[in-house]
Every structure is written in structure tokens, then in C-alpha cells.
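This document starts with one chain, in the form predicted alone, laid out as C-alpha cells.
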């Protein structure tokens, strides 16, 4: 009878040691991999509260049939002055894989070089893999200043 109680005490002690070792290994793995995972997955940055940007170029500096990239919040934007003199602004992020688009003067379209996506001057996707049009931005011209707004 005494031997049986000692066996139960040994089993109970062994289970306790196994639980402590297992828990310690779990804590060790979490303490190693959690910082690695946090490093690999960057935190989402809060967007600035400003919804308008005054562009550094004057209206008179822009020639017809040209496009320029600017920074709108944390993402690039594109300003296009058509051959007719109209100004248009879009997000310069391709809707396919988020590459930066550019204006092609010779073809008068907006082009994504990553996968040959093409948008017309209204931001509509007309060929290639982009699934959606470019996000249009509002323009406000005050004198010679160009202000781009989202909304």
C-alpha cells in the first residue's frame, strides 16, 4: 500500500515537471518568435489628418501634355495637365499591385510599368491587369497655386 502511494506521488511529480518544462518551452518560443513576427509585420501608421496638399509647382510652370508625381499623405499622387490644358489628379498607386504609375506623354495615358497596366486620362483602367480605376482626387486652383484634396 505504501509503494502504491509513492508511485502516485512519483507520477504526480513527473506530470508537474513535464507541465513546467512544456510551459517553459512554450514561453521560450513565444518570447523568441513574437518580436520576430512584430518586426516582419510593420504596424499600421496613422494617416495624417490633413486632407489637402498644396503642390510645390505653380500652374504656369506646368506645360500641356505632362504629368508629375507628388506626395499626397503617405502615398504618391499624379497630376496630369492634358494637351487641352485641363488638370486632373489621381492617386498614383496602381490598383493591381500598388506600383506607382506614370504619365506617358507620347501616348497620353497613365501607365503602370510593373505589369503594363494602362489608364485613360479619366483614371479608368483600359488595358492590362488593373481591376479598378485610379482613385480620383479633387483639384482646387487658387491663383497660381494648385491644391489637391481627397473627398
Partner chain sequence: MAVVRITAWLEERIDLWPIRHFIQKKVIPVHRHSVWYYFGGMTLFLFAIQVATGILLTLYYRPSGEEAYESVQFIMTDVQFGWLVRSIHSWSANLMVLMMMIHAFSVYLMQAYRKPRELTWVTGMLLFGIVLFFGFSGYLLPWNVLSYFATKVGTEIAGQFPLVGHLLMRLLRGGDEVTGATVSRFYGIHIAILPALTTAILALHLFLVQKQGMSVPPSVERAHRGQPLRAMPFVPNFLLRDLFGWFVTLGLLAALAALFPWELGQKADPFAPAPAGIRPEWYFVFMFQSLKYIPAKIGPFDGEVLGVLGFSLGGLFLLLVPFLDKKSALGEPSPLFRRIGIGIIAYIVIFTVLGYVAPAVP
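Keep in mind that what you see is a predicted model, and the values were worked out from it rather than measured. Positions refer to the first chain, counted from 1.
There is also a form predicted together with the partner chain; it is not shown, and the following applies to it.
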* To do: Answer for residue 63 alone: is it within 4.5 Å of the partner chain in the predicted bound form, judged on heavy atom distances?
  => no
Exercise. Using a 4.5 Å heavy atom cut-off, state whether residue 114 contacts the partner chain in the predicted bound form.
Key: yes
Considering non-hydrogen atoms and a 4.5 Å limit, does the partner chain approach residue 104 in the predicted bound form? yes
| message | Residue-level question: is residue 55 within 4.5 Å of the partner chain in the predicted bound form, judged on heavy atoms? | response | no
The partner chain in the predicted bound form has a heavy atom of only one listed residue within 4.5 Å, and of 28, 69, 51, 59 that residue is 69
Restricting to 120-139, the residues within 4.5 Å of the partner chain in the predicted bound form through any heavy atom are 128, 129, 130, 131, 132
